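Consider the single chain below, provided in structure tokens and representing the form predicted on its own.
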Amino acid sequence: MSTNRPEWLDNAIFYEIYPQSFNDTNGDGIGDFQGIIEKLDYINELGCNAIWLNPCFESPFGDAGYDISDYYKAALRYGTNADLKRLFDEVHKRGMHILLDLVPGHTSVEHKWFKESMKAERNEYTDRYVWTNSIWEEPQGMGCIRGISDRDGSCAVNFFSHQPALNYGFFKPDPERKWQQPMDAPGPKATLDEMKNIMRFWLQMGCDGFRVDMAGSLVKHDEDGNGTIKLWQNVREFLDKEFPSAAMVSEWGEPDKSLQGGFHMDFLLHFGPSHYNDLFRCESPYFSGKGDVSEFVLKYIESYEKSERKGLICIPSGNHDMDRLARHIKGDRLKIAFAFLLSMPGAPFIYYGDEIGMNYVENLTSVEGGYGRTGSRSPMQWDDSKNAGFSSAPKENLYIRQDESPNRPTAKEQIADKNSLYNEIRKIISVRNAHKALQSLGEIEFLYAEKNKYPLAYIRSLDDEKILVIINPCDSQVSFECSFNLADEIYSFGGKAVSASGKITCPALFAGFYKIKSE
């Protein structure tokens, strides 16, 4: 499906902000919109020109804001709608862009739509959620809420029991279960129309698009995704007509489907078939120097070919749902991991704090539905002042307990250290910016990705520019067969690679980018 692609996405480098943990300016222990505004120059100077802002709407915060009670209202703990608009304006003043996190699959039980849907009398919200006709019947393959209202029936949930699933219909409704409505029934159509109204509201206010949560799961009983693809194609038609410059990035994990649905880019997920965890988060990650990259590459190539070699697959350093990158990858290997992340196709996403090597905080009590994810959501560490510069609140009032280790990294010290992770990332971003072949639309061809072996080598190319990338996070010198001359080096970390006798040999803990001549 053809889509209007905003040109800025061609070299977008995203910075993900978890607003409650980023920067607190009013001393309540929770980050806010003004705190983000104050740090926009920091983000820009790192080299990121786009922001993904995690959900910031009114919510009871049973799932950190992914349980929305009003899609049209900013959560007061962050600020007002006017404050959020000012954030949009300040982002744009710096030539940057910002995506809001759209959560179309479910709401909070506190949402007025759900409260109306619980009533026994039919009303305009009766079919806004997936309800069975009987309290004794639960929706197959989904959890449910039941016994909480006068309405007879069980309501499907997407995950947590306080997140009722919105109704976009069933791709193949079971005729024996009359409550399974087709996609074109009035209830599902009204749900989709309201989601468009929400998008329209925020796009008119000035956001640049959306990262869409659970984008591939909206239509139920849709095993091959055809119904959900059709739904998003409908949204794409609306956007092309009214907001052709709006950017859409999906949490889907199947780029061939999401791009067909009209999204511009798709996330690689940390669950499912992507083998993303093989790189950073498993017992022996590739970037720990003791892992395997081959299965990841095979799956990546499969997705790349299915998506017509567009390569619009986003690989994040991490996010609010994953272990911190530094929990498994240490020291210089973090720099090598970023050399990989920032030289792959699609837009890279840097999770706040990953650029300074923030640690996963162990053994925390769950906060706002974080559970094991809570340790990846600790407050940003800005400097050596109280609460690492995050907040003036008493330590016990912070949203999540900070990393209290004496050697915790801070942005201030990393900026001052020319050999820091922060400054290495800045350097790699500047190289990416200088070479279009390394940017989102450059093609990729893997040269060496053997099972249980190092290094990883691939060529990025666009028009007449070709760049060889070599990544070696292991602790020994390695070689691979390749006849390219390495004379034109544009980036290296960890020493020098050498080409001789049809082989390239590179040192331990190494990353290098080389321009090569077209044959």
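In this text, residue numbers run from 1 along the sequence as written. The shown structure was predicted, so the numbers you read here are calculated from the model rather than taken from an experiment.
Beyond what is shown, the protein has a form predicted in complex with a small molecule; the following relates to that form.
- Stretch-level contact check against the small molecule in the predicted bound form with heavy atoms at 4.5 Å: of 61-69, 458-466, 475-483, 37-45, the positive one is 61-69.
- Taking the partner from elsewhere, residue 377 is found to have a heavy atom lying within 4.5 Å of the small molecule in the predicted bound form.
- The small molecule in the predicted bound form is not approached by residue 201, whose heavy atoms all lie more than 4.5 angstroms from it.
- Contact check for residue 159: a non-hydrogen atom falls within 4.5 Å of the small molecule in the predicted bound form.
- Residue 135 falls outside the set of residues with a heavy atom inside 4.5 Å of the small molecule in the predicted bound form.
- The partner is absent here; in the predicted bound form, the one residue of 220, 324, 211, 111 having a heavy atom within 4.5 Å of the small molecule is 211.
- Proximity to the small molecule in the predicted bound form, defined as a heavy atom within 4.5 Å, holds among 278, 403, 251, 256 only for 251.
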